[in-house]
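Here you get one chain, nothing else, as structure tokens; it is the form predicted on its own.
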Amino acid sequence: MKVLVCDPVSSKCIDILKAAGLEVTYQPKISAEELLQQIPEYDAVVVRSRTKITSSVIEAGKKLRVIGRAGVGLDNIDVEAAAKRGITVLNTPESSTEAVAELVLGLMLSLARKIPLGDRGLKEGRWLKGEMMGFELKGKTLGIVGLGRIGSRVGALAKAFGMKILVYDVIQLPEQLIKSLEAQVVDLDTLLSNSDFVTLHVPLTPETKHMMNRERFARMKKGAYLVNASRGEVVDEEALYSALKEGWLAGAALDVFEHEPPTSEAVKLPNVVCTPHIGAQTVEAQDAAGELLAEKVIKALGVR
């Protein structure tokens, strides 16, 4: 059987697939047009976030049995179209938990201590010490929206920093988890109005698209900070830009955007820290995603 790998994955992923006797084609820069032409030959396709597996690709994949996503979200895959064809869709949500959680803390520290400003200033020959009065995370309140794997790990790291933790989720949360984080479960409005930092850890669904809009930004505590390392479309970037320009929010840190690369003017603001969707970009996370996905694909194809 043949597997088409359309995005960069770890060499371990390729090695495991080949060791199972699968014929692997590695084309990490394949275009949408090339994918449509080639997909009829393959039994499985592996992607990350770049390649879109649309209904047209699924329809063209006459032999397609498995779609694998090395990572968390499935919004670049037409899951409904795959289900109609009986195609198995796999991902590896467990692989990037630590990487994303650590990035969130890094973004919070960057905002609190103005690290990007200091770095940029020194490289431009400027000594900006007088402009870099920051603050400590200890004693501040962190509002976590979505307490899944990543949200709960962020909570554990924030607790180690001495932060107070508020959490909101649409599902009933385990009492033991809440107790371990010394957190308080509240409704979303209470979380927004009482948090110094709000970090988002929700999937992109019709219900969460633009959940952070003008109305919700207005409910946030004046001078608070927003961190988003979940999905770009969870935040209405025009509303965020307004909240930042008007001085209601003190700043924001974004790893994901409505359009990637981003088109929003918000990324140009001096009180916004941005990274190019690097939440899972660690050696450890990529190795784990590749290995886990390879094993899942092999099992789904019935190779062993």
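It should be emphasised that the depicted structure is a prediction, and the values quoted were computed from it without experimental measurement. Note that the rigid core is defined as the largest set of C-alphas that superpose within 1.5 Å between two forms. Quick note: we count residues from 1 along the sequence shown, nothing fancier.
Keep in mind that the form predicted in complex with ligand NAD is not shown, yet the notes after this line are about it.
Residues with any non-hydrogen atom within 4.5 angstroms of ligand NAD in the predicted complex fall in just one of 155 to 163, 116 to 124, 226 to 234, 131 to 139: 226 to 234. Proximity to ligand NAD in the predicted complex holds for all of G146, I171 and P203, with the criterion being a heavy atom within 4.5 Å. Checked against ligand NAD in the predicted complex, the residues K245, H277, R65, K52 give one hit for a heavy atom within 4.5 Å, which is H277.
Checked against ligand NAD in the predicted complex, the residues V256, I30, I39, L240 give one hit for a heavy atom within 4.5 Å, which is V256. Contact annotation for I150: at least one heavy atom lies within 4.5 Å of ligand NAD in the predicted complex. Within this chain, V100 lines the site of ligand NAD in the predicted complex, having a heavy atom no more than 4.5 Å away. Interface residue remark: M211 is counted as part of the site for ligand NAD in the predicted complex, having a heavy atom within 4.5 Å. Heavy atoms of L111 never reach within 4.5 Å of ligand NAD in the predicted complex, leaving it off the interface.
The two forms, fitted on the rigid core, differ between this form and the one not shown by 2 Å or more at the CA of L74.
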